[in-house]
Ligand SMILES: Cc1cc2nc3c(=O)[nH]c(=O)nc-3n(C[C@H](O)[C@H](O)[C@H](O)COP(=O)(O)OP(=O)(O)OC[C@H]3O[C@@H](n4cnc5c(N)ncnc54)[C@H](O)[C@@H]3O)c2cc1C
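Form predicted on its own, single chain, as structure tokens, below.
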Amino acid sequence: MEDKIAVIGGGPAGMIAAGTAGSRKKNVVLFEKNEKLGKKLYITGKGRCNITNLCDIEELLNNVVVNKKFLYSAFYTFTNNDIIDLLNKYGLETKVERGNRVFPKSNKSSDVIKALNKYLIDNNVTIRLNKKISDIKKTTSGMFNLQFEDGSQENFNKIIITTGGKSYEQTGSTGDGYNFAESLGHKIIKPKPALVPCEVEEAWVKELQGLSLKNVSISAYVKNKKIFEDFGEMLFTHFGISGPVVLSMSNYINKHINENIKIYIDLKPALSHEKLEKRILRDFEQFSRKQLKNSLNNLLPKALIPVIIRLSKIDEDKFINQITKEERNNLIEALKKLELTFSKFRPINEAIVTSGGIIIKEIDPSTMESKHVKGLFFAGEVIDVDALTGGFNLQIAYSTGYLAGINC
């Protein structure tokens, strides 16, 4: 009997898995509960879609935060160059930007989805939209019985679960795959937000809402032990902090959320304490007859000045020529080690990806097949793997989807 394969979830992992299985002349049906494919892919990269990252494979692996060894076979079997070649074949031109990030030349994520859709059609994949699965059961004959919300049922020899995580629920990522996997005997590591903005305890961040900073260094400490440090862009919000470097930090601190986490921002990472002091002394010499509040415009964005002065415990009306060495050191400390106290993550629905999911020791990393249930495969964010920003999470989706597609 011909294999009949169901792929559940029409995101990047599902589309690659289905198209790849179809290219092997398999009878493949792709089920998507939304009205269209790639709904979450559509909003990635602010609507531009950071397709992948064109670094070498070892660097791809090094940007995976959780369970990178599990992805070794997947990344080497279907590489970043392979996904670019596939998309090029189906009419999508790509470009490489800062940090080896790959985008469509058109800057439209919809063009990526169109190319993947062509891949499905070219490989005779049956696409069933608006088809929500309510339950999956394994029959005594070894088939998978898919039960749909509309009351209908259908049997398949093999299934690939590519339903994503729990972030951006409005795109359909509501954790269905975790329920399916559990009902079929798999263990789930509780989903947590990853690549997510952070709330902090300090009230003064509200004064800085909307302020974006470039070229700052951020570090995070638990019990005086550094668990993260990176350099880049960040944003102050009404609740705390966000931006690329903060999102990356969230992946490292989510293992410590029940502990006391301190975050430090170095506003002038290119300058040592001594060089920053010389720079401030030059400014002070220039503005010696001005008050402190009117003397830091060359050093800081306007909105940040009153906050830094207050944290330095210096009277903002004090004249520059009256400021003591101790007060100057306090100012430098505030600039080099602006302290924040982590409170909590924003809700998982605001996270870019989900950390947690189907436990990897129950999945064969070379095929993506379940070690417990023959004919059951997983791919993408539903598995307990996640990476930093820059196209790495999408590459996980393609690579694991491809492995499932060639082995189902």
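For clarity, every value in this text was computed on a predicted model and none was experimentally measured. One rule holds for the numbers: they count along the sequence shown, beginning at 1.
Omitted here: the form predicted together with the ligand. The next part is about that form.
- Between the ligand and the residues V373, V29, V66, I43, the one pair within 4.5 Å by heavy atoms in the model of the complex involves I43.
- Among the residues K131, K293, K268, K118, the one placing a heavy atom within 4.5 Å of the ligand in the model of the complex is K131.
- Stretch 351-359 is the answer when you ask which of 351-359, 66-74, 337-345, 364-372 has residues with heavy atoms within 4.5 Å of the ligand in the model of the complex.
- Using a 4.5 angstroms limit between non-hydrogen atoms, T171 touches the ligand in the model of the complex.
- At the 4.5 Å threshold, heavy atoms of G19 stay clear of the ligand in the model of the complex, well away from it.
- Although the partner is absent here, S250 sits far enough away that none of its heavy atoms falls within 4.5 Å of the ligand in the model of the complex.
- Within this chain, F180 lines the site of the ligand in the model of the complex, having a heavy atom no more than 4.5 Å away.
- Residues are counted as partner-facing when one of their heavy atoms sits within 4.5 Å of the ligand in the model of the complex; in 3-33 these are I8, G9, G10, G11, P12, A13, G14, F31, E32, K33, in sequence order.
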